[in-house]
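Here you get one chain, nothing else, as structure tokens; it is the form predicted alone.
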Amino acid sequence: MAKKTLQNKKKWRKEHYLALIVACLPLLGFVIFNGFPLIISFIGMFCNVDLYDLSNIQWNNFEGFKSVFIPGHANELFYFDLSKYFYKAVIITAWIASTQLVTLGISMFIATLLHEKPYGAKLFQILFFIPYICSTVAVSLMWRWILDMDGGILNSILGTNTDWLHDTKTITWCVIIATIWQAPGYGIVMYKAAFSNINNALYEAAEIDGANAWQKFRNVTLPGISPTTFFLLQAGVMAGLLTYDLAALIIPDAWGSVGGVESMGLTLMRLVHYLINNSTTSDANGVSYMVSCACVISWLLFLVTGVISVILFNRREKSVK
């Protein structure tokens, strides 16, 4: 055993150490550019942090948690009730994230049709994938033009004069519809690949047993694509919880309110961005609490996404078995 150990040690040459160093470079970049901010954000939950001068970190007696979760508490520190914005953002973010189920259904339906290889299937697959690879800025501008009250395409088609982007009943739906339009492309491609990996012998066996089209889809296709379904569900829900750019570009901040009229376009990530950008707001003692509140919301999102990921991974393993 000793001789084998010595032989293994002799195999390490300069090339091996060089390869190890090169392989560790991405990890080093993560530690520097992600790890350090991660530590600062964790400290920021319990302390007042000046992003431009970390030497002034001060314990804040959980003021960040109190301002986020206790209604009315932030009035003593800010010029608005932060908890009201937070709970509204939670509802809107959860609503947007839940629409990923609709996106998943659309992706599965279209992929099923394309799997039958109709005429022009490849062309349709490319067309369906284009919205996914388009810039979010371009998609947002397109939907702003469609939903614009004066000269918007939707109002022209319907013959109405509705202010879709400023009506509290439609603001959130504008973001949801844009998300549903953009998201299915990736799922269609993934499902197409998953359908190709299902063993045709299973369909033949089901057909011999007298199964109809729905029974074959339910008992053969759905179990066969279940790993892909859970992956897309996880990725979609995570993307929904972290929605920022699409909501911010389609529904800009209204005067005196973040997230559009009555904050109906406010998501949690958008609230975090607002708090960071306005971290100069101070209480009577000149101590800023904005960054601490932003850190609390960010870590809450991290915990929620982590719990959902664990649940979906466990569910996927059971489904595959």
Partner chain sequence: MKKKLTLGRVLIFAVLLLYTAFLFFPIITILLTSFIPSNELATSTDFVWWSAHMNLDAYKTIFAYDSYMDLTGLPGLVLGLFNTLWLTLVPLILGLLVAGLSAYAFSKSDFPFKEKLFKFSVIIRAIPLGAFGVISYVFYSAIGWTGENGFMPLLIPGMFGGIATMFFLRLYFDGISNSLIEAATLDGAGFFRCFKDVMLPLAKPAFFAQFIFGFVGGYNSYLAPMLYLQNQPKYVTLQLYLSEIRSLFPNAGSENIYCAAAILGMLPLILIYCFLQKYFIEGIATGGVKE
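Model, not experiment: these values are computed from the prediction. Take the two forms, superpose them, and find the largest set of C-alpha atoms that agree within 1.5 Å; that set is the rigid core. Residue numbers count along the first chain shown, from 1.
Same protein, other form: the form predicted together with the partner chain, not shown, and the subject of what follows.
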| property | result |
| --- | --- |
| Of Ala205, Ile91, Leu222, Ile133, the one that lies within 4.5 Å of the partner chain in the predicted complex (heavy atoms) | Ile133 |
| Triple contact flag Leu104, Met108 and Asn314 to the partner chain in the predicted complex, non-hydrogen atom at 4.5 angstroms | no |
| Among 179-187, 197-205, 211-219, 81-89, the region lying within 4.5 Å of the partner chain in the predicted complex by heavy atom distance | 179-187 |
| Contact of Ser156 with the partner chain in the predicted complex (heavy atom, 4.5 Å) | yes |
| The partner chain contact at Leu28 in the predicted complex, heavy atom, 4.5 Å | yes |
| The partner chain contact at Asp245 in the predicted complex, heavy atom, 4.5 Å | yes |
| is_contact(Phe62, the partner chain) in the predicted complex, heavy atom dist at most 4.5 Å | no |
| Heavy atom within 4.5 Å of the partner chain in the predicted complex - qualifying residues of 31-46 | Val31, Ile32, Phe33, Asn34, Phe36, Pro37, Leu38, Ile40, Ser41 |
| Per-residue C-alpha change between this form and the one not shown, Phe33, threshold 2 Å, rigid core fit | yes |
| CA of Ala19, rigid core aligned, shift of 2 Å or more between this form and the one not shown | yes |
